[in-house]
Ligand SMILES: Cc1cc2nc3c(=O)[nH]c(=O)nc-3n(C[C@H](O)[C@H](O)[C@H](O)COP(=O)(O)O)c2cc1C
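Presented below, as structure tokens, is a lone chain in the form predicted on its own.
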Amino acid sequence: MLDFDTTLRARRSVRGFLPQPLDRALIEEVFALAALAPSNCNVQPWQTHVVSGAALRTLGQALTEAAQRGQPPAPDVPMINRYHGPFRTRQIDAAKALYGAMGIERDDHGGRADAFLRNLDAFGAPHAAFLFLPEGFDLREAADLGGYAQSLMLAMASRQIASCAQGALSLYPAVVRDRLRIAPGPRLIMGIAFGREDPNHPANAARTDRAALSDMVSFHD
């Protein structure tokens, strides 16, 4: 098991996975650790559905087909389509790193489209978690859910489990609800693909940097 500093540095978004499933006891262990995340008034505003194996491939196919037939995304929470200023620069730099690692040129629209569709099948991961915000909660509790997601991915990283947080898995929540038989009400916020990293997948060679501390943190004495 990795120490905390090493875990933070080891965690990154992995987009190529080995097909072998993880042991169920290990999966339950990391989700139990994630549940220790803090939340406002300890309400623990998250509901998680873990989908694995054939069920995940079937769901991934349904999400992919929705995109291929031109069905407009209808996420439960609106997504920003375009960032500005330094946020846009970071977005572009991340895209350059990813597409560059996969050998996809900027004008290769077909290659980029195919790369996007991989998102909807959780990059072929053996498992994916779908994180829902219970009915009646809003932005403050969504922030708590984000802390839960971070705790989950760090727990995974400490045990050499690769993961990738995905907004793309929330683009078609109606499809997810239908396939998983989830009643309306809770809002789908994100998905997290996870499993063992495929070291030979070109997407996993991509690396992103972080802004300087002075750009992110202001100290007031």
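Sequential numbering from 1, following the sequence displayed. Nothing here was measured: the structure is a model prediction, and the numbers come from that model.
Keep in mind that the form predicted in complex with this ligand is missing from the display, and what follows is about it.
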{"item": "Stretch in contact, per heavy atom within 4.5 angstroms of this ligand in the predicted complex, of 100-108, 117-125, 137-145, 68-76", "value": "117-125"}
{"item": "Position in contact with this ligand when the complex is considered in the predicted complex, options L56, A34, V175, M190, heavy atoms within 4.5 Å", "value": "M190"}
{"item": "Of A165, I182, I27, L154, the one that lies within 4.5 Å of this ligand in the predicted complex (heavy atoms)", "value": "A165"}
{"item": "Distance check, H201 to this ligand in the predicted complex, heavy atom within 4.5 Å", "value": "no"}
{"item": "Exercise: I92 in contact with this ligand in the predicted complex, heavy atom 4.5 Å", "value": "no"}
{"item": "Contact set, 1-22 vs this ligand in the predicted complex - heavy atom within 4.5 angstroms", "value": "R11, R12, S13, R15"}
